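One chain comes next, on its own, written out as structure tokens in the form predicted alone.
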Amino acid sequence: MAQSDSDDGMDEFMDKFKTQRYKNAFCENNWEKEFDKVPMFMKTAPEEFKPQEYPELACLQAIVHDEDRPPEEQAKSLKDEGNAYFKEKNYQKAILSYTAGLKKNCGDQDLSAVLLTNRAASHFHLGNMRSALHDAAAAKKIKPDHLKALIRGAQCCVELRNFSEAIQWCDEGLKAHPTDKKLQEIRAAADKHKRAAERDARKAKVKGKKLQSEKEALLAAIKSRGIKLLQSGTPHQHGSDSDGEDERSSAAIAQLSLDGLSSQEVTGAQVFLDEQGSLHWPVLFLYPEHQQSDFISAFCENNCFTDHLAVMFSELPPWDTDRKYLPQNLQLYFEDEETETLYQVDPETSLLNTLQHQRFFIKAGSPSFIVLVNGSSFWKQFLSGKKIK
């Protein structure tokens, strides 16, 4: 009889669903959003939330952060929270959770080592290699045979290109875990990188010595010719005191570097010494009348100006609409900026002979010359008021 009453009661209870809706059910049109509010089924935890909207999650948070629980239990809950963030690849929040767990000072060495190792993994994925290495080292100090800490420390050292240290981490790990394939792989890779880095370092050292030797030979060749170099920001003084000029030239030589000899032109050409012992200079020709220029990247010191002018003006440049720039019509000058004096250059003379002039100073590694058309109106205007020698 009781069974019958129970069945009748159940039938009556079930019949209500045919005429009444269940008040606490999920909304048909919004069930996925409401389902995602249940902590067990959440895909990602909300960054910020109101407890009234997420009561279950708020309850769990209160349990995790309950200060009345034992420190070990709190640290474990924070570790689990960090692991959840880690799975979501929210490494920043994972770090905060692991850090909070470590601050509980629960006294469980194994748990502390896990928290440090997990935090190291989070730092590693964020690219914070030094922080990750620091945590891995701290975990290893607590548990010297902690495999994950040993692997993570070795990986960090490889990323930081500390290959010798990476090998050391692997060797320590393989003593405790001799068959671990991950440690074996990292060690093999670190050893390969280490040998490659050492080989590159040897090559760089040999190259550096060669460049230094070439630089010294180049500077010695410049100095032996009595060519004066003007470094940027190094003024030269008016006068013909040979001792003073020698001193300034020596100072410029002492400060000179190969970079300092680079031309200001976009080509980056610089003076060099060929196998026969001749210097080749990057030379700039300026045409102030038309605001144009020409650049010769390697003007041999033994060549005359006429050799290059003949080639440069074998065809008239497009900007010479008056057809005045013929080799026989051109006059060359160099300027002593300190005295504002123009010195005329004989086109038949060699570049070396001109560079050895008492008042010629090479600036920025590139000798420069002004080219004018003899007798033109611009030539007269340009030279008026200037000192000519």
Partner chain sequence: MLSDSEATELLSFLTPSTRPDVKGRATEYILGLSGNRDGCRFLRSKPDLIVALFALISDPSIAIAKDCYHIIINLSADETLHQVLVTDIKIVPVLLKKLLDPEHMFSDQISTILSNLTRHQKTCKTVFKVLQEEVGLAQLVEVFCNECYNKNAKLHYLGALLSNLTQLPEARSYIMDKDRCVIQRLLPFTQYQASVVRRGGVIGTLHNCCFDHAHHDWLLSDNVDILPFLLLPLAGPEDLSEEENEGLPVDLQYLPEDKQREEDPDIRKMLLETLLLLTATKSGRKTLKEKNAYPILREFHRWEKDPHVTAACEKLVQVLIGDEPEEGMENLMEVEIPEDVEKKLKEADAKEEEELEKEQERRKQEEEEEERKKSSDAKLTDREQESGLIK
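Positions refer to the first chain, counted from 1. All values derive from a computational prediction rather than experimental measurement.
One more form of this protein, predicted together with the partner chain, exists but is not displayed; see below.
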| query | finding |
| --- | --- |
| The unique member of Lys209, Lys141, Arg161, Lys103 whose heavy atoms fall within 4.5 Å of the partner chain in the predicted complex | Lys209 |
| Listed residue (Arg202, His290, Arg130, Lys87) with a non-hydrogen atom within 4.5 angstroms of the partner chain in the predicted complex | Arg202 |
| 4.5 angstroms heavy atom contact with the partner chain in the predicted complex for Leu174 | yes |
| Residue contact check: Ser224 to the partner chain in the predicted complex, 4.5 Å heavy atom | no |
| Asn302 within 4.5 Å of the partner chain in the predicted complex, heavy atoms | no |
| Leu316, heavy atom within 4.5 angstroms of the partner chain in the predicted complex | no |
| Which of 293-301, 166-174, 75-83, 90-98 lines the interface with the partner chain in the predicted complex (heavy atom within 4.5 Å) | 166-174 |
| Heavy atom distance at most 4.5 Å to the partner chain in the predicted complex, all of Asn374, Lys380 and Lys387 | no |
| Members of 186-204 lying within 4.5 angstroms of the partner chain, judged by heavy atom, in the predicted complex | Arg187, Lys192, Arg195, Ala196, Arg199, Arg202, Lys203 |
